[in-house]
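Below, in structure tokens: the form predicted on its own, a single chain.
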């Protein structure tokens, strides 16, 4: 990418952030007190977008399937949970501190920004060598850095009146572990058989060294995670539809990365046949989430699957693929889809003393299932959707090309001007529609400015009540993307809108 293209992409990110602040989508928490980096609040528009996104995910993953159930676990967990999972020992990021101004930075991010190269899979030793070789200094004051150290990302707390080792607990850094610790209870109450999944949407907390890129990497965020449990001897026992196997995406394999090659476009059938994806169940969930991201409006040309190289694989994973998006700052993870093997259930069985195996009645033996885990951040997905949907017209006015499924407001009801008879009729139409569809009423300002306001928050349709409405009970239905308009009878509106959405 040349400097001009880079500037355009960076400029788009600034515009998206400005839109979030200006239109009440997302903004820094505790803003009147100066805020703390990495914490954000949702405004009136943002909270609707968030709920719609989560509802879409939950319906697609849980409600539309007979073999997936959900839970909602506690935010604070006993320390043994995180000792068993490996987070206490391994959930670290590389840290450097400026000797002069004492600001701290995440070493891999610092090098990426300075050298414009990817640091995926690079270890602490190599990071130190790069800092030394390129004489990388503090971007704030030009000072030298300390040696690269590891920094644990979990937030500690104590429960009860006494702060000691027995009362030590952690805010959860991911939602997955609650699914594993609840596995036996959920199995007993749901009466599911393998293969089946447990899903969860909820808060997670990570004490990031340097939160950045708005809500892309923050300290408090929401996750949408699925743990799908499979008999380890049946990792290829799933039927994938031919149409799904024919879907194409960019793939960036371990081999391509190691040989400095570009990603390649291929379909999932080829990726399975050539052993690029290890198992059919892994491919199945990669396809399902590729389809879901498409369904909420993410353009396929901006997505790719990147395979984790050996040096970056998590301690629990035998194979991990990131579904990347081409952000203004480059290709980065939008979602991770990992084969966690039987690591978590075995670890929690060992540390708790409770048998978390599954008794297979057909096989007449106990099984510790393998797990495929697709994990998605809500805020990161929202940011991705906003970047992908942000569109500028020739007249420099903007609109968000949001899929109606996730649009915060589906319909705007607008009197042409603030006249009593028009407002009365508009409110009548609004009250008749608000139980059917999420809509908003606005009578303040010129009609052009009101159209622009709703375009900017992605409202796909607008209804204008004018003097012709008083005469013949028809309204103007306006379409966001092309700004075309048509006359529709008020009595036909519900059916028309249902068809459009």
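Numbering follows the first chain given and starts at 1. Every value quoted in this text rests on a predicted model; they were computed, and no experiment measured them.
Absent from the display: the form predicted together with a small molecule. The rest refers to it.
Heavy atoms within 4.5 Å of the small molecule in the predicted bound form are found in exactly one of 349-357, 135-143, 156-164, 171-179, that being 171-179. Put simply, residue 128 is far from the small molecule in the predicted bound form: not one heavy atom of it is within 4.5 Å. The small molecule is not drawn, but in the predicted bound form it has no heavy atom within 4.5 Å of residue 200. Although the partner is absent here, residue 216 lies within 4.5 Å of the small molecule in the predicted bound form, judged by heavy atoms. In the predicted bound form, at least one heavy atom of residue 376 sits within 4.5 Å of the small molecule. Out of the listed residues 221, 305, 284, 196, 221 is the one that sits within 4.5 Å of the small molecule in the predicted bound form by at least one heavy atom. Note on the partner interface in the predicted bound form: the residue among 312, 333, 423, 319 having a heavy atom within 4.5 angstroms of the small molecule is 333.
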